[in-house]
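As a starting point, one isolated chain is supplied in structure tokens, in the form predicted alone.
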Amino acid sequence: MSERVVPAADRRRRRPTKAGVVLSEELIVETALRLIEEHGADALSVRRLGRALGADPSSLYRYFRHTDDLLLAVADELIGRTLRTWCPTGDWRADLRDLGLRMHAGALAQPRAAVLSSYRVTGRVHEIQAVEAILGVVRGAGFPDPEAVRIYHAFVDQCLAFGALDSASIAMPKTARAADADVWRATYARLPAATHPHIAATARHLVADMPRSSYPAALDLLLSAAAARLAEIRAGEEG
């Protein structure tokens, strides 16, 4: 795509496309998500997207300046899908845990798009809403602003990193995933205690645990550290 774009007020297509649908930013993003998951981001082009929508590819410039602009909108939609399912309760630790797990699950539901969006900053409505909401939870718990930003940063980066890692694994061919999982059983579980005492002692746990995502455990460790830090802050205020 080029750098052309039509003002928001003039974007709506008044006549249906050849496929009988009226174009909208939401429809384009949904279609782009589907194409990314089916064919990968490298296959996403104006021509392919126009064909999938039954529309002239040039009509997409009414909504997005270029392909990267569209990818940012896709990333923002993934954030929005998570936020729409999240209902904070007022318990900061439980709320962050719930949000983190939902964000991670959302990434696994759209693994190829999640890998692409994990390192981008969209500056769009859903991302802004997420930043505001998470900071609100952390500041509401009583963390001073510098600490609140550190925890926000660690929380989001941890979730995005695990989402990208686990999504990349899911996107692998099933045979490759099965082969990776089998290495723990076929190689590590057979190492002798004489040469690898720590691996041998924990082998059965490695076989059971390593094929699964460690994100829930990592998230709990992060939140436990945050809770301990909050206790320190409160103790200092009382002292």
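Each residue number is its position in the shown sequence, starting from 1. No experiment lies behind these values; they were computed from the predicted model shown. Rigid core here is just the name for the largest C-alpha set that superposes within 1.5 Å across the two forms.
The discussion below concerns the form predicted together with a further copy of the same chain, not included here.
Shown here without its partner, the chain carries Ser118, Trp184 and Thr202, all of which come within 4.5 Å of a further copy of the same chain in the predicted bound form through at least one heavy atom. Scanning Leu83, Ala109, Leu101, Val131 against a further copy of the same chain in the predicted bound form with a 4.5 Å heavy atom cut-off leaves one residue, Val131. Of the listed positions (Met210, Ala41, Ala189, Leu27), a single one reaches within 4.5 angstroms of a further copy of the same chain by any non-hydrogen atom in the predicted bound form, namely Met210. The closest heavy atom approach of Met172 to a further copy of the same chain in the predicted bound form falls within 4.5 Å. Taking the partner from elsewhere, Ala105 is found to have every heavy atom lying beyond 4.5 Å of a further copy of the same chain in the predicted bound form. Contact annotation: Ser58 falls outside 4.5 Å of a further copy of the same chain in the predicted bound form, judged by heavy atom distances. a further copy of the same chain in the predicted bound form is not approached by Cys87, whose heavy atoms all lie more than 4.5 angstroms from it. Contacts between stretch 146-184 and a further copy of the same chain, counted in the predicted bound form as any heavy atom lying within 4.5 Å, involve Pro146, Val149, Arg150, Tyr152, His153, Ala154, Asp157, Gln158, Ala161, Phe162, Leu165, Ala168, Ser169, Met172, Asp180, Val183, Trp184, listed in sequence order.
Shown in the overlay between the shown form and the other one, fitted on the rigid core, is a CA shift at His66 of 2 Å or greater.
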